[in-house]
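Let's start with one chain on its own, the form predicted on its own, as structure tokens.
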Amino acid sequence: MTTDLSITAMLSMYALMVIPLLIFFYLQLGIIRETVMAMARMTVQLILVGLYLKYIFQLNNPFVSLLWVTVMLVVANLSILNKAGLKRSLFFWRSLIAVAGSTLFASGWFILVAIRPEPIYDARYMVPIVGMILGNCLRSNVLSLERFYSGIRKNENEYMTYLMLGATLREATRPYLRDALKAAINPSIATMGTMGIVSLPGMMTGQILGGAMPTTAIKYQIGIMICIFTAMVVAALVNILLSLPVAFDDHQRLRQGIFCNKP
């Protein structure tokens, strides 16, 4: 049984935030307000989600669970495009297809092939697993999209040279695609390579704190990491490929109008 945290304990955790805030103030980073607002939003959102998930788990209704998963996917997709600096009106559906497709495929594989809970739509498995995979896809897609299009913008002469030498759009963008995927995936490769020695991952730690045997927690962690990594790679690649028809004009030049802010 996991030990509950009292109000006093939670206040002590918030007090710990004073340390990074003082560092930000001393270095004049200008992100104190942003950090405090992010912490406040996290607190309110997690409290509301916690209350909502309590009823989702009690109802254990597949339609309610799927509705919540849909909300998660839409919000994550909007966040990806916003952080990547791309116009949501142009890329929303293409990005949603890539993120939702890869996330649901990897989640479904883990739930339907590996775990096989009873019932198969058990909300206690569906919602957290989709959330973990989607959260990692969000970060990788932000990195890949931002790196891909900023790379082409910063090296426009190089990109145009590829085209003038006879390269197709796919061939001319391939170097930037490789760089974007490496940027998105390298942190996860580093994490997997040190997992268990440098760090104990969240899913494994949560299961152990919840009373599960370490061997069982390890199996779940290995499974979820494989699914997360697969979903990240597929989502990042497919998202970029689906965005190409919108991002480039008939002459294969990058449209400056796709960005939220001009360089």
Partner chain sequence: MITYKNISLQVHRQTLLENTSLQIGPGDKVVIRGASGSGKSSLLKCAVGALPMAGGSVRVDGTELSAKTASDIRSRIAFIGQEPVLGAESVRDALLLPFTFKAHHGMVPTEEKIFQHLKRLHLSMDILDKPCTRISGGEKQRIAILRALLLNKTIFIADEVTSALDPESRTAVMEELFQPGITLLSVSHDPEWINACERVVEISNHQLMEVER
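Residue numbers count along the first chain shown, from 1. All of these numbers come straight from a predicted model, not from anything done at the bench.
A second form of this protein, the form predicted in complex with its partner chain, is not displayed here; the remarks below concern that form.
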Using the partner position in the predicted bound form, report whether E171 sits within 4.5 Å of its partner chain, counting heavy atoms only. yes
Looking at the partner-bound form in the predicted bound form, is R253 within 4.5 Å of its partner chain by any heavy atom? yes
Evaluate F105 for contact with its partner chain in the predicted bound form, applying a 4.5 angstroms cut-off between non-hydrogen atoms, and reply yes or no. no
With a 4.5 Å heavy atom cut-off, would you call G166 a contact of its partner chain in the predicted bound form? yes
Quick one: which of 188 to 196, 126 to 134, 83 to 91, 156 to 164 gets within 4.5 Å of its partner chain in the predicted bound form, going by heavy atoms? 156 to 164
